[in-house]
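Only one chain is given next, in structure tokens, and it is the form predicted alone.
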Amino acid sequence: MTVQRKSALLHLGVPLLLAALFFVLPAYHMGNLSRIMVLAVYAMGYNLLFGYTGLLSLGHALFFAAGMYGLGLAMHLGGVSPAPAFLAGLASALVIAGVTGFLALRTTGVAFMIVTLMFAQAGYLTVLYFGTYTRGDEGFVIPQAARNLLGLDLTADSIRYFTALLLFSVIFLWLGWLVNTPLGRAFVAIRENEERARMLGYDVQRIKWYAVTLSGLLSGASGAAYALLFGYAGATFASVQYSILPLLWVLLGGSGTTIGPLVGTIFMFYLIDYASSITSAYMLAAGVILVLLTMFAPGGLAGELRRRAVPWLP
């Protein structure tokens, strides 16, 4: 079997497995998995920039929040229905990612990381400053009655699960295709050796801008879906913590692999969930496990699997 066929089977098999889990999982884990699939989209967006293009950003909470508030404010203040509100969330993330990428890519290395962090902090402070509309730290709830799409009640567990699965599957399959296109290979070429990619004739600056913009768009899609499916938008999602989380998910799952973000998000989610059920110092326990995992599996779970047993893993 060719590598391409194995990769295609994997990308089709994961959504089918997630669909099958709905029928066997208890309600608690089904709810968790809905949330994980939405957050995994955020991690996949981050992985496109960090794992495939080699750009370390600490500002992705800005894009996640742009999608969340683009949808949330359109519904909360404008009374817009979910479908056009979701498009408003995507448009917000796309514009902000495009502008941020254009400005931040004037820098490189550590400076890029710091500039993206500053943009995210500016976004967080903006949310607080316009608290009259955003309700600041308190945030606002999107009413259950408003979360109805094409006659489907998005607050119902089954509808929410399969809506999250649909979003995850579309982006997972698209990324599986994208990383094997000339643009996806150009991302990898820049990650491996930016100067050599430039010498080969690639417009490195423009390709990096594509990576930032696409990554921000996917992050915004995740933020908009989170607000729509779980009915809440708050300033916490624009804070630095939400810029660090996707980095951890990608590092734990395996950067530069399409399956890694999902694996890392599941692992981190259940690690904290399980540790918090045992001790109040759950972050300490989780931190120790994360340090050990980083030391002994530096490529992440999927990265180690690819290195040791499945070299064709995309």
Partner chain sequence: MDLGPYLLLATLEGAITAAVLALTAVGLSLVFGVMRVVNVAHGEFFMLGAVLSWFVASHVGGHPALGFVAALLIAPALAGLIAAAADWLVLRRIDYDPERTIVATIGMLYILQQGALMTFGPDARPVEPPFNQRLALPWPSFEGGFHLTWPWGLGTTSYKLFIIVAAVSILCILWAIMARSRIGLIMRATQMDGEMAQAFGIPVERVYAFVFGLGAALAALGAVLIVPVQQAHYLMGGDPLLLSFIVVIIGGLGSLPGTVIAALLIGLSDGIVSVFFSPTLAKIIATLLVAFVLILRPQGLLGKRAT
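Bear in mind that the values here come from a model prediction, so they are computed numbers and not experimental data. Residue numbers count along the first chain shown, from 1.
What comes next is about the form predicted in complex with the partner chain, which is not displayed.
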Let me know the one among Q121, T213, T163, S169 whose heavy atoms come within 4.5 Å of the partner chain in the model of the complex, would you?
Q121
The partner chain isn't shown here, but in the model of the complex which of V141, I114, A156, V95 has a heavy atom within 4.5 Å of it?
I114
Out of 33-41, 65-73, 280-288, 259-267, where are the residues with a heavy atom within 4.5 Å of the partner chain in the model of the complex?
280-288
Within 4.5 Å of the partner chain in the model of the complex, do T107, Y129 and L251 each have at least one heavy atom?
yes
Would A275 show up as a contact with the partner chain in the model of the complex if we use heavy atoms at 4.5 Å?
no
Report whether the minimum heavy atom distance between G13 and the partner chain in the model of the complex is within 4.5 Å.
no
Answer for A20 alone: is it within 4.5 Å of the partner chain in the model of the complex, judged on heavy atom distances?
no
With a 4.5 Å heavy atom cut-off, would you call I207 a contact of the partner chain in the model of the complex?
no
Residues of stretch 26-55 in contact with the partner chain in the model of the complex (4.5 Å, non-hydrogen atom)
F50
